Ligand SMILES: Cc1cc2nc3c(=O)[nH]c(=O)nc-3n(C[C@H](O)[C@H](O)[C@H](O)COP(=O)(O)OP(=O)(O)OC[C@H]3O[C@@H](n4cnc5c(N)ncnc54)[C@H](O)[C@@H]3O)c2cc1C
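One chain is shown next in structure tokens, namely the form predicted on its own.
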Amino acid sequence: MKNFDYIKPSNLADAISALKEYENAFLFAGGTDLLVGMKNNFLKPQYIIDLKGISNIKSFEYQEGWHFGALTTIRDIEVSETLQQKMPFLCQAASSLGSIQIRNRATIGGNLCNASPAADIATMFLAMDSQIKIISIDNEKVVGLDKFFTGPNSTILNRGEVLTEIIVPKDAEQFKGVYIKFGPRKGMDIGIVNIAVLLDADFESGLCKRIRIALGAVAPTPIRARQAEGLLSGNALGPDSINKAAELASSETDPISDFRASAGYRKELVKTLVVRGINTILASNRNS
């Protein structure tokens, strides 16, 4: 690992100034991706800016929607009793990420900024129609999470910009949801295909009011299956319509073939998991 200078600002303004001043500087949040990259010499920062001392972006609260500070840990979400009651599907997605040791360190901001196409928390936040707040020295902007990722490990962030907050609209609580991560192991592995399904429906009649389907590990970035969503929204959720939506969702993907799975296998998995996700929500709520 290459030597580096360590900077620990006490406030966001100082962190942004340091990031702007030093050209080869990396932000340190949980470090679960950064330190691995440094150990394997994929990343060679000259400066590490440790954000852990900045207290006002470490927690989450409800203010006409949910506001999550970028330093909120995955474990904070997983064990929150409030979130378990309001949005249990978000807690489920958090619990699928790595080991408990990783979840205690990893932050939602770091997970999003790492921009892995297979990121668990990114897939769920995408299904939740989330927005993110980005701050620089002279500007502040809020953009949709669907506009944030530009490719594998690539985002719209420019030098001197910091993601500080993830904003989830209040209507996310109206959905029932499920997160499915398909892989060779039950835990501590990235998914071959990840899927988040949120459904707002009349469960007695089977009428779909709204549905959101997000997919991970099947394109250069996490994606929404918007054609599949459009097919089902406002229509009955029967076997034929669900299967057609699953076919559409698969057609919207652009997966790669690698040592973990072929592109064709991933496309078939999308079909299977979309059907499984919708039916899991329907069965759970019809029986409740």
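One-based numbering along the sequence shown. All figures in this text were calculated on a predicted structure; none of them were measured in a lab.
Just so you know, the form predicted in complex with the named molecule exists too; it's not on screen, but the next bit is about it.
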**Q.** Among the candidates A261, I223, L231, L51, the residue which, in the model of the complex, approaches the named molecule to within 4.5 Å (heavy atoms)
**A.** L51
Q | Contacting member of V178, L163, I192, L145, with respect to the named molecule in the model of the complex [4.5 Å, heavy atom] | A | L163
(Q) Within 4.5 Å, heavy atoms only, one stretch in 170-178, 77-85, 213-221, 119-127 touches the named molecule in the model of the complex. Which? (A) 119-127
Q: Verify the flagged residues G31, G109 and C113 against the named molecule in the model of the complex: is each one within 4.5 Å by a non-hydrogen atom?
A: yes
Q) Can F26 be called a contact residue for the named molecule in the model of the complex at 4.5 Å between heavy atoms? A) yes
Q. Quick one: is I156 in contact with the named molecule in the model of the complex, heavy atoms, 4.5 Å cut-off?
A. no
(Q) Can you tell me if S96 lies within 4.5 angstroms of the named molecule in the model of the complex, counting non-hydrogen atoms only? (A) yes
(Q) Taking any heavy atom pair closer than or equal to 4.5 Å as contact, tell me whether A70 reaches the named molecule in the model of the complex. (A) yes
